[in-house]
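As a starting point, one isolated chain is supplied in structure tokens, in the form predicted on its own.
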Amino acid sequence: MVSTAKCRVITQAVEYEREMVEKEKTFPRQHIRRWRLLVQAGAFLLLIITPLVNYYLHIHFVQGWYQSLGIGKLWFVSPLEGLESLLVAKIIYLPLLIGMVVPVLVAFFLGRVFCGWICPVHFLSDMSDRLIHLFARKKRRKDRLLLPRQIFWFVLVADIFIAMVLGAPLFVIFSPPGLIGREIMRAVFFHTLALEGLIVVAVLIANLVTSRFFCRYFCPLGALLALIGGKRRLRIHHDQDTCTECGLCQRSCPLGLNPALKEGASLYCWNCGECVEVCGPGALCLRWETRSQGQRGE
């Protein structure tokens, strides 16, 4: 006869398997990296195709880049660039406010998904990481320079202050994500590049020192989106009981966060899902939380 202890072990194993199946239903972690890459590539391809279609085919249904993107009669404006423009002009421009509505709502419910899933800087950083891994056989480099995370917020305050007091929309002019779209358009329309494009090169080189150095410390757009998404519904959920504390999630996080300490639910997380992808026990998942769950911290 099977002993009581063996029955208990078998029952626990069955329950564990059932829990794992339920976690897989929450968000299939083995597909997150693949879907993110497809979304990133599609977003970057849009930046390339749009000026080509505008210039050679004279089709203007889609215009601009992610600072200000027009699709038909709909215009989408980056929240920070829109805010800077309002502060510099010192007038309320209704079409600009309307153009900011959709990006603000996306950030409010989903958090910094633009940073983790759409931003061309993150896409180029991901591609450079893959190339380095291909030739150097290193999945993750050690961060050599760590700064206080609070710098993130001071940069946002400084950017808003400069726009409001000095009338200089610095991020509109020198935004690395905006520069990528602008340089692609300049290359297509004018067959030349501007020196400002070297800022993007500097941002990518800084990744060799610390993973996502600019995104982690000096991107005011990321800081603003993080604030807007402070009460976001889509979060990285951590199951304390399932976690083996292996540390793999922290080593895989591009921003150096530790999801095992629930930093995946913090303002800094951009919901890229990389930690969920590498978590073998399934202790992490991307989960849509209800208001009651968010208040209880579940």
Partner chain sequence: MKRRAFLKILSGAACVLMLPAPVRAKKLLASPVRRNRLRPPGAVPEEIFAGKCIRCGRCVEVCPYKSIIPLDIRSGVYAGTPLVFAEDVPCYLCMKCVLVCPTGTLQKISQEQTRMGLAVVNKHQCYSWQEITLCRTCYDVCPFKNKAIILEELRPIVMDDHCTGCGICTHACPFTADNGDKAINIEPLFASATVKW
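Residue numbers count along the first chain shown, from 1. These numbers were taken from a predicted model, which means no experiment stands behind them.
Keep in mind that the form predicted in complex with its partner chain is missing from the display, and what follows is about it.
S.K.: Answer with yes or no whether Ser125 is in contact with its partner chain in the predicted bound form, where contact means some heavy atom within 4.5 Å.
M.R.: No - in the predicted bound form, heavy atoms of Ser125 and its partner chain never come within 4.5 Å of each other.
S.K.: With the cut-off set at 4.5 Å between non-hydrogen atoms, does Val203 touch its partner chain in the predicted bound form?
M.R.: Result no; Val203 lies far from its partner chain in the predicted bound form.
S.K.: Check whether Gly256 has any heavy atom within 4.5 Å of a heavy atom of its partner chain in the predicted bound form, and answer yes or no.
M.R.: It does not: once its partner chain is placed as it appears in the predicted bound form, Gly256 has no heavy atom within 4.5 Å of it.
S.K.: Whether Val77 contacts its partner chain in the predicted bound form should be assessed with a 4.5 Å heavy atom distance threshold; does it?
M.R.: So Val77 counts as contacting its partner chain.
S.K.: Pick from 148-156, 110-118, 181-189, 213-221: which stretch has a heavy atom within 4.5 Å of its partner chain in the predicted bound form?
M.R.: This holds for exactly one stretch, 181-189.
S.K.: I need to confirm a contact call. Of Leu208, Ile173, Val102, Leu227, which residue comes within 4.5 Å of its partner chain in the predicted bound form, counting heavy atoms only?
M.R.: Going through each option in turn, the one that passes is Ile173.
S.K.: Within 4.5 Å of its partner chain in the predicted bound form - does that hold for a heavy atom of every one of Tyr268, Asn271 and Thr290?
M.R.: No.
S.K.: Scan 195-211 and note down the residues that get a heavy atom within 4.5 Å of its partner chain in the predicted bound form; none is a fine answer too.
M.R.: Residues within 4.5 Å: Leu195, Glu196.
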